[in-house]
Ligand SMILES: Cc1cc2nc3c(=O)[nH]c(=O)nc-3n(C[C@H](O)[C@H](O)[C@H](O)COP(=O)(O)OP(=O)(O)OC[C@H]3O[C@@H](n4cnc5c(N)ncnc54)[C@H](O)[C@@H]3O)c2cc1C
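As structure tokens, one chain now follows by itself in the form predicted alone.
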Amino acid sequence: MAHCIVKEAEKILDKPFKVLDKGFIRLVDYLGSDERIVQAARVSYGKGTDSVSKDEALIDYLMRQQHTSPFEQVVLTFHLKMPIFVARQWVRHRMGRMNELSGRFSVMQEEFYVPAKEDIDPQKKDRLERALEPVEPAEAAKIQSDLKKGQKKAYESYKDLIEKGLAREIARINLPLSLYTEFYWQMDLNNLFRFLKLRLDPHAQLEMRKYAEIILEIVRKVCPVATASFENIMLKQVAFNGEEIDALRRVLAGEANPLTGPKLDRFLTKVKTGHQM
């Protein structure tokens, strides 16, 4: 099994996977696989794992019980290119190790993110995020044009300041958040799964989710068994609070649901959609 896993992972090393209009994700290197997780767990548990006869069952057990240290034995390193506003969300995951392109020492390239027409959405009236209901095509095209004009003007000003001899670290300060940046990013599998749990959530920003979806597929090549376990146990998991657990018991017993108002709405949404509210 390990030989096949390594062979699949080797096929995608250094292969860029396109994301958004100009971004990419590239797996630079990795350490370990499903086999490494199992080996680390068996050293830790000793004879305690004798009842778990298969690697898949052991990995499922570790995931369910939140025994995270064996997953930390697997480490992945990525080369990523993304808009700065996405990168600023990315660095909130502090367990990752990161080295980013420097605008102090390099001239930034004229590469900006312009969302596709179908990704240009209005603001939700009752929520903090976008509505995910695209505006009319003609309006979307106008918005794209306005974004490009602003980006071009900002970059022309940036280049002009550099040509006049201004320090690069000063010239860059008016560049917009849509500018693309690049960085190397390394994270162990346990924290990578936690990253994916948050960033694959329907409430995460669309652009971030698109990167997370590609990361998930890359991780699947390196650790297919652990990734399948993560998807089943962590990613699709919905947590219920004490009141909701009591409501579930009552409903299953044929009693009336004691929840009302917003609490009932949240409970029913969890049950119907499988999404955390």
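Residue numbers run from 1 along the displayed sequence. Note that the structure is predicted; figures quoted are calculated from it, not measured.
The discussion below concerns the form predicted together with this ligand, not included here.
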{"query": "Proximity to this ligand in the model of the complex (heavy atom, within 4.5 Å), stretch among 160 to 168, 147 to 155, 69 to 77, 186 to 194", "finding": "186 to 194"}
{"query": "One residue of K124, K142, R92, R104 in contact with this ligand, assessed in the model of the complex (non-hydrogen atom, 4.5 angstroms)", "finding": "R92"}
{"query": "Candidate from I84, L198, M98, L175 lying within 4.5 Å of this ligand in the model of the complex - any heavy atom", "finding": "L198"}
{"query": "A204: touches this ligand in the model of the complex, heavy atom cutoff 4.5 angstroms", "finding": "yes"}
